[in-house]
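First, one chain by itself in structure tokens, the form predicted alone.
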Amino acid sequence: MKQKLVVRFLMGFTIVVLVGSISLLFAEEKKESKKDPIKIGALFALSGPASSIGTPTKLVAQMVTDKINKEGGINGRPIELVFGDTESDPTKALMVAKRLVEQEGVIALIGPTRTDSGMAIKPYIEEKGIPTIMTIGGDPVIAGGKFGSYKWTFKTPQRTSTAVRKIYGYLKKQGIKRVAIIHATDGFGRDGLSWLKDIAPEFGIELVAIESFDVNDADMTTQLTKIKSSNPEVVICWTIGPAGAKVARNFKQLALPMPLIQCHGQPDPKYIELAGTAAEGTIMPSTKLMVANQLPDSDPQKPIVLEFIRLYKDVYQFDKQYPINTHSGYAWDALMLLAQAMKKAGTDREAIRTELENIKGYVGVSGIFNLTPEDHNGLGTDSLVIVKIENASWKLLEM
């Protein structure tokens, strides 16, 4: 009996010791986890037709990650970006998103670069419940309705509808009513056309001609000749990348007498480089990045935009290879919004999503964000300015 008692006592003592050791071990692991980086997936077009936008976006994402980490990270934990190349291809974008989530274990995503790629990954991230802040121009990813749920999907570039309203508001002030449209047939171009048509009646705009082109087309002369015969007061082109410069060159070759207005995706030194003298006089909506020094000192965005430019040009010197364009701030805003949400929510995905859609008054590079459960962008027309190219530079026409 005594032996049994001893055995029981010894076994009990052993269990107590082990339980204590396990508790200490778990405490140590928990302590270490607080130092582990928070992994965020970043998928951009680093190759393919949209690489001129996707590659500098990656650089900005790393730049703002460095800034957040130097300032203490997320509640003491650093951010680690895990990159993926969508190759400007929707199918590849979905494969990359799955790899980042399922193999790399990221808790959230930023990107991709193009509207088509965004729509390709959207069903997956909505099904899996992955907070995702896209850096694409098109509206469908957060439009709802026939485009599906956007509970987990956000975006930092202005909505297409916001850019259309900015353009139409400017035209209304100029007394212009007769408008022709030439647009790309990709997702971004189709989205632009849809909103240009839907919103036109609000501003008393009559669409006198609508023509389209493939982004890889070498020449748009035929479409512009048809537009010329409709006698519009202005022509609006809706595309991003080199195609917009082709339209501008053909526009000049045909000596069309009316103004050419490009969309909010074209304010980019590359556009001026590719279009050459044909870029002169082109008008377009833009983020404030392109005219930072022309902003009034009272603008709350001005110090944020100037700080971004200082880091981009002077500290990291990205501008030598990738001059600042209207797209440059999208990844900055995406990561800053995500960081703001995570500082309150930690790394719980549902909590991050809830915090994101309730952010109010965040002053970013692209605008002042006021998100709601219904609006997962949160930017108004006041986040855009109207600019004109004069002497190969950007001139502020209207706030």
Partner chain sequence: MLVPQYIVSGITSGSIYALIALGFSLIYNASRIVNFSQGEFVMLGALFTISFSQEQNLPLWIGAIASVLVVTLIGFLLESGPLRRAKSKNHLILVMLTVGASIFIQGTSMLIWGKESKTLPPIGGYDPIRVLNASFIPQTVVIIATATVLLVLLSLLFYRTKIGKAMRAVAEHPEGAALLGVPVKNLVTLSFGLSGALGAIAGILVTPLTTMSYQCGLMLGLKGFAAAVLGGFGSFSGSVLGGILLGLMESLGAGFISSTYKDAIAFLALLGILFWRPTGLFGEAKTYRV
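Positions refer to the first chain, counted from 1. Predicted model, so just to flag it, every value in this text is computed and none were measured.
A second form of this protein, the form predicted together with the partner chain, is not displayed here; the remarks below concern that form.
Enquirer: Given the stretches 289-297, 194-202, 172-180, 266-274, which is the single one in contact with the partner chain in the model of the complex, using a heavy atom cutoff of 4.5 Å?
Expert: Result for this chain: 266-274.
Enquirer: Test of understanding: in the model of the complex, would residue 52 fall inside 4.5 Å of the partner chain by heavy atoms?
Expert: Judged by the heavy-atom cut-off of 4.5 Å, residue 52 is in contact with the partner chain in the model of the complex.
Enquirer: Since only the chain is shown here, I'm wondering whether residue 358 would be in contact with the partner chain in the model of the complex (any heavy atom pair within 4.5 Å).
Expert: No.
Enquirer: Would residue 368 count as touching the partner chain in the model of the complex under a 4.5 Å heavy atom rule?
Expert: Residue 368: no, not in contact with the partner chain in the model of the complex.
Enquirer: Would residue 211 show up as a contact with the partner chain in the model of the complex if we use heavy atoms at 4.5 Å?
Expert: Contact check for residue 211: yes, within 4.5 Å of the partner chain in the model of the complex.
Enquirer: Would the partner chain be touched by all three of 47, 229 and 246 in the model of the complex, meaning a heavy atom each within 4.5 Å?
Expert: Each of the three qualifies.
Enquirer: Check each of 219, 280, 319, 80 and return the one that places a heavy atom within 4.5 angstroms of the partner chain in the model of the complex.
Expert: It is 219 that has a heavy atom within 4.5 Å of the partner.
Enquirer: Which one, 91, 149, 75, 225, lies within 4.5 Å of the partner chain in the model of the complex by heavy atoms?
Expert: Of the candidates 91, 149, 75, 225, 225 is the one lying within 4.5 Å of the partner chain in the model of the complex.
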